[in-house]
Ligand SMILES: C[S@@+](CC[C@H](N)C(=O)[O-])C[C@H]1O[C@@H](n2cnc3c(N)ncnc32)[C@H](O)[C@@H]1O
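For reference, the chain that follows is the form predicted alone, supplied as structure tokens.
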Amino acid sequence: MTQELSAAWDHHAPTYGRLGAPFTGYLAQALFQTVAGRLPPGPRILDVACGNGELSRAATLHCLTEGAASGRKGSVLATDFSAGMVALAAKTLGVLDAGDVVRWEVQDGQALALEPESFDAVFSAFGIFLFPDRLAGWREAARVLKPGGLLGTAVWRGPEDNALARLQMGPVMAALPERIRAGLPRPSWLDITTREGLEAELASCGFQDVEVSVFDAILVAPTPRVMWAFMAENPVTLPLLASCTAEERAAVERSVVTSFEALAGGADRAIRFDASCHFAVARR
């Protein structure tokens, strides 16, 4: 990962923690619960691209509950390449008073400084699928998993199946100048927004018995302008605006806010987006 990309996520971390994490945190916890029943006693769990640590929180509580019941409590390692995100995770996890059950540290998910075959489960909720070298991320997850270990990951579905992506990006693309739209590369993550694409890619990176299911939820933002501010700062969408002049950026903002206000029913109304993602569970 580049320092520039890490710095962008560091800058976005406080906004993400305030507006994005309540939504993606719910999905991350649901992803963990999707796999929890298959974990061995006292599991060693790795969270790659942990964000504010909500999946790691669910994993830590699982380990503490199991430890109280059986004495085999396991452990959780929360990692992210962004120090700002790890700081968010530290706040989320620090209040659990979990002792040595949970740790957090800065790690590049494309090149983990971790021993091979050292974890029973690896999770990544909306993380690896956005890596600059996504295949390296999957392969690293496979490398650190024990034989038979579990991968759990969440990936957004494409705009045709995901109103969140369609309604967010439609007014952005409509207002971007043609000179910018014409030069935009097709995002490579679109290759794995389908069940078939995700299954094939995970299989090519060392995973087997891949199971992909649809999970739907609703994202709520307090006002259309708050949602626009979140999008404009997000490192995923920020590059789309980087080449705009001030006037062009203002036009994009008007397009998005006007569209969002129509959806919400007013400038001071909450806006809701139906969102759809895939949960994938696989074994090494």
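All values reported here derive from a predicted model rather than from experimental measurement. Residue positions are given as counts along the sequence shown, with the first one as 1.
Form predicted in complex with the ligand: not shown, discussed below.
J.: Contact check in the predicted bound form: Ala49, Gln110 and Phe131 versus the ligand, with a cutoff of 4.5 Å between any heavy atoms. Do all three pass?
T.: Yes, the whole candidate spot contacts the ligand.
J.: Taking the ligand as it sits in the predicted bound form, is Ala59 in contact with it (heavy atom to heavy atom, 4.5 Å or less)?
T.: Outside the cut-off, so no.
J.: So, Trp189 and the ligand: in the predicted bound form, are they within 4.5 Å at any heavy atom pair?
T.: Because no heavy atom of Trp189 falls inside 4.5 Å of the ligand in the predicted bound form, the answer is no.
J.: I'd like to check something about Glu140: if you look in the predicted bound form, is any of its heavy atoms closer than or equal to 4.5 Å to a heavy atom of the ligand?
T.: No, Glu140 stays farther than 4.5 Å from the ligand in the predicted bound form.
J.: How about Thr24 - does it come within 4.5 Å of the ligand in the predicted bound form, if we only consider non-hydrogen atoms?
T.: Yes, contact at 4.5 Å.
J.: Just one of 169 to 177, 120 to 128, 206 to 214, 94 to 102 has heavy atoms within 4.5 Å of the ligand in the predicted bound form; which?
T.: Single hit among the candidates: 120 to 128.
J.: Please tell me which of Val155, Leu77, Leu202, Met85 lies within 4.5 Å of the ligand in the predicted bound form, judged by heavy atoms.
T.: Contact with the ligand in the predicted bound form is made by Met85 alone.
J.: Out of 2 to 33, which residues reach within 4.5 Å of the ligand in the predicted bound form, heavy atoms considered?
T.: The stretch touches the partner through Trp9, Tyr16, Thr24, Ala28.
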